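This document starts with one chain, in the form predicted alone, laid out as structure tokens.
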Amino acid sequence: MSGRCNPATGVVLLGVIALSGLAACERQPDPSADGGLLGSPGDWPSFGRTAGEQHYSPLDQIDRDTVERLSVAWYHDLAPGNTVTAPVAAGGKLFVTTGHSRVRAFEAATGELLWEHDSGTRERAGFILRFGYGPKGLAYWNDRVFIATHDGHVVALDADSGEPLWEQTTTEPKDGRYVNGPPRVFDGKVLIGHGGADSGPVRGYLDAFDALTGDRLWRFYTVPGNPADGFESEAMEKAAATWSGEWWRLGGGGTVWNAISYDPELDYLFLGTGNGYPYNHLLRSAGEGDNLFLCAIVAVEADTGAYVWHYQTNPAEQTDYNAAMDMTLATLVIEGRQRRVLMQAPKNGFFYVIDRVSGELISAEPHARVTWATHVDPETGRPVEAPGYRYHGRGLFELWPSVTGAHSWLPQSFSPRTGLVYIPAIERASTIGDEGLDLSSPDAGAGVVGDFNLEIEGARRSFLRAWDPVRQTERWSVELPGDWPAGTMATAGDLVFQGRLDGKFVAYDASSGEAVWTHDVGVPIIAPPISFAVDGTQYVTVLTGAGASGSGLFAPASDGYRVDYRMPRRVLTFALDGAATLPASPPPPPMVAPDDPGYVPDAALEAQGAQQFAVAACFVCHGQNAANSGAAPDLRLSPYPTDRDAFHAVVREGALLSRGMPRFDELSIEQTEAIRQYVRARARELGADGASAR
């Protein structure tokens, strides 16, 4: 393995294996300390490619000089449904998952479809379908492809045939848990967490399965359960001392719904944990205690799941500032010595550099606008909260970043050549508070109210930020369209690839941020790209199309971009001098509401419908304010709301379950009618040119 040193940035550049090769540097640590390779340097077998989740390709055939020759090598059209997912590539094959856990395998060089596997999620998932589409990616290991379905089935597929080899479950029916992160396979173990703590009493955990047999090896709980039942480990007993009241009745939260990294030399797994439920600390834990291990990075032993150390980014969290964003492993030279670090930009707006051996905080600085804290104390590692951040009994106040975060799940990348981290950053604001809520009521829910889509100056923006983790400063940034920035990939060709909401796929100079190549595909690209090699040729693949779990919260900023549900969605693969030509995209549907002669305005009923639309979480797929997000059809253009019987058949009886529309059979006829009235009213707001207030 080769590498080189960059004294200007203080970064030891590890694991740089390129098609052309690079020179080695004298004092090079074992590259496995940064996650190592999971296979051939031409493969991309895991979500972040390596166990260190760098989202970095060591291939350099496509570089700043040759990228102008990059063009489409092949494409494959996909059906409507979620395509904001990451492929994996290994052994000359490319594997993708789309929609509700449908897996396809292709010849990676030609795009020939080899097999398909439908995981059956739509027919089986029931209530869980209400929480989006499910896993954001796959994993490959030892001629097997692994998927964890939205409803918690973990499946190993034969990579050559697509036949299931084993199947397990990581959740229980109706337990409120669902899977929306990609599985990881490290050291022969399939690792998978779950989500669910945004909407109900869910206690988080991570499961480890044997990748060969499917046997469950261990489970690590992230928050303590009922003390009367005993604690599963010393870690849970110690964590319980940081909770108060009867927290176990509410579930706690702390779900490992996205980020997992691995250091094979230490044999440590690193888990990024999520928010608490309810959000309100006063309601969840009587306003007392740090509530471990919410919003934390937790190191555990890979073989046993035993606790090693933790670092909590937001003690006693109460604004959904979870630490479930990707954790990048690298070795940096800081103050003259090599440090094996973990780097994370969680939702709270700070960029953290942590010693991954000990869990010690090395540094933390804001990379986005932050108003909830003044700084992170370098001695204690704790944030110094701004006056008034604890909103108990308060009216709404302005919060930066928004509860949607300064960085979401779409991954950052790290280039060992430049020493920079490339963050898809969000500038967004919320209001939040709990004044007027009866926290003793079972209807208190998460215990907060607010506007999570605040329209004020400087909000609803996004950037690609190149961040120097040693100096904790921005090196360069590019403002992007909208506020839902795509995942990034860095390469040894000194390029950073990222899609955009306006349909452009762009390669930037990794050192300067200059756009050196752009390809307009006509539809949004939000998914993270990957790069791989077959027979000496380097390829770049990305899935096109908008809409994924959570994208409904970002729908208002998608106004003006093509996010209709039936937009062209494709597996798109590029190579130097590629010879394929994309067909012209059909025009988007006109933003004109269907005829609805029976509609009669009713402000009171429409207000009830707006509230029920939010309570039933319709916005998760159909967008905030019923404004399209690409995850599901735009209800303002749908004929179903104009027909009472058809609407009730879809919503309450599940007439479109086979297409992924869940059944809401708990809604009363009156509640369903209120939602229908609200959607019809929103449709009437569309102007002659399709414009409307979002």
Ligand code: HEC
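Here the structure is a predicted model, which is why all the values come from computation and not from measurement. Numbering starts at 1 and runs along the sequence shown. Each form is matched to the other, and the largest set of C-alpha atoms that superpose within 1.5 Å is called the rigid core.
Not pictured, yet referred to below: the form predicted together with the ligand.
None of 627, 70, 51, 651 but one reaches within 4.5 angstroms of the ligand in the model of the complex through a heavy atom, and that residue is 651. Residue 631 belongs to the set of residues with a heavy atom inside 4.5 Å of the ligand in the model of the complex. In the model of the complex, no heavy atom of residue 41 sits within 4.5 Å of the ligand. Contact check for residue 270: no non-hydrogen atom falls within 4.5 Å of the ligand in the model of the complex. Remark: residue 64 does not count among the residues lining the ligand in the model of the complex, judged by a heavy atom distance of 4.5 Å or less.
You can rule out all but one of 610-618, 255-263, 378-386, 537-545: in the model of the complex, only 610-618 has residues with a heavy atom within 4.5 Å of the ligand.
Applying a 4.5 Å heavy atom cutoff to the ligand in the model of the complex picks out 565, 566 from 559-574, in order along the sequence. Relative to the superposed rigid core, residue 644 undergoes a CA displacement of at least 2 Å between the shown form and the other one.
After superposition on the rigid core, displacement of the C-alpha of residue 667 between the shown form and the other one amounts to 2 Å or more.
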